[in-house]
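Let us start with two forms of the same protein chain, each given on its own as structure tokens and named structure 1 and structure 2.
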Structure 1
């Protein structure tokens, strides 16, 4: 084995395999991804971010926000909830059905429940159990649906479903992040919809989040002398953080763009490969040409995602 080109062939073979696997195949599989439809609303997803948010993405990239903030929500599985939405006409049959599903509760508790529909009847069960319960309930002329609820430690904290390839379709560069020194930002636009909060947080993080370890981004703001009236964009800061009298702190265009980008981060639409049942208010127009989600993706959902059962 003293033949030099043999080493070259070995290296070439090894690298070619890994290149085909993790460069070429992903390019065919996810690099050619197209927009998809939300389920059940059928809206196109994702839509390209507005121009200002795209500028904000480059501020996010230039200042390396991705070294402390990931944009990937994980999920370890899904469970199902059974939601009763309409008692129907035959209340006696419904009460019998409820007895079967929840033998532990008394009849008076069941009647209380029927007074304030929609309500979750079972929580955290398998798809089969949920479908069986729905069958029992619907046989008594009531209306009930199965809800899909993603689970995992990321879910209540960072988002309602895992992030999937579609969420990043129009971004360049895609910065999924590698570490969470700060919160995950995949859904920060949903969690924190207030632009002024974000600006104040960038200027003085500890005024917005107690004990935050985020560095201060004062270079994204400028201190200006107040000429006549106060600028409408100026930050309202507590006196100990604010500038001396006669001055104001105004965000630079970079700060405004960055906040626009943060507000556009909303990876929460229900999709075919990341099913989740969301409140009716979010996805209400079920009369579009959306692909049918079958029983697993109900349309007539209850007002909140996880209503209390007890």
Structure 2
């Protein structure tokens, strides 16, 4: 019996399923991503990088920065905090509500807690528990909110939430990296907003970070004789690293473009598929992610009917 046609059909079916699974489905899921209005700021995210930053991506790629730096923040899960933002007009009812939520505290401790708001009432609970506590608090005319908190070893060391495909919408090629010989750079523009620090770090890494293993990128700079006045772009270096008197170290256009790219790396906007709460009073691209002791009213980054990932 000739099994050739059956073998051909089986192979064709297997290849077709693989094509649908590995090519067509990702194209539908990721290939059609568009900018979204982030919550709560209402700003478009992500935005295309400025021209100088796009040039810097080429410098980043050409110098192999992705071999030692990743651009992907991970998280192990999401928890919720309950934040009391306004005591309302009925303090007696609020104290009763607080005793229901935190029976271990005394009445005097509850009154002390209300001295300055907003305050975190409960931490590290599920969304169901947080919503139930918020309901109890708001029944006393107070105002409270559920604060979504991503957790994991990368949070908040490298970013305030996990990295998702939408963060790379305008990047080509995407430089996600695979190793962390150096720190993750997905949110370095927020963590290190000083361009002069980045330039000094490129020229002499250990002058900025003690025991850094990053190689010197001094070929991205040039030594110039000072003609008249010192250039405003000249690096401020310690005497042991600076040039001889009468000279200065000035970044080349490639260094300036690379720093512009690093400064543009900001992945801290709340997204529907990567929920995180931020302070409502803080404008877009802020790095605030802890409500305790703060002065801004926290706002949910995802609809309240969308439970965070457990």
Partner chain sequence: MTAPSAQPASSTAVPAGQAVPVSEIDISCRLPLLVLFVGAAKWLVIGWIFALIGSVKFHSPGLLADYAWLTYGRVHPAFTNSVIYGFCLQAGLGVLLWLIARLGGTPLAHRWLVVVGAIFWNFGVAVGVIGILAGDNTGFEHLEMPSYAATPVFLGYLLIGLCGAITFHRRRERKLSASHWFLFTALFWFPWIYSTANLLLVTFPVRGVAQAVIAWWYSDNLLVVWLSLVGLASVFYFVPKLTGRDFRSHYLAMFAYWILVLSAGWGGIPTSAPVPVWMPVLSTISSVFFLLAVIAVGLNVCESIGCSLRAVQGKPEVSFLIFAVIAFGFAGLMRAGCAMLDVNQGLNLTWFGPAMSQLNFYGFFTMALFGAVYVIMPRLFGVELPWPRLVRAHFWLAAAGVVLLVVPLTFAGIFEELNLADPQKPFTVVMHSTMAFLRVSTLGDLLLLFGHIFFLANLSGVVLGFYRARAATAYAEVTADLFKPAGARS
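Residue numbers count along the first chain shown, from 1. Remember, it's a predicted structure, so these values are computed and weren't measured experimentally. So that the term is clear: the rigid core is the largest set of C-alpha atoms that superpose within 1.5 Å between two forms.
In this comparison the chain labelled structure 2 is the form predicted on its own, and the other chain is not. Its Cα shifted by 9.5 Å, residue 8 is compared between the two structures on a rigid core fit. For residue 19, the CA shift between the two structures after superposing the rigid core equals 4.3 Å.
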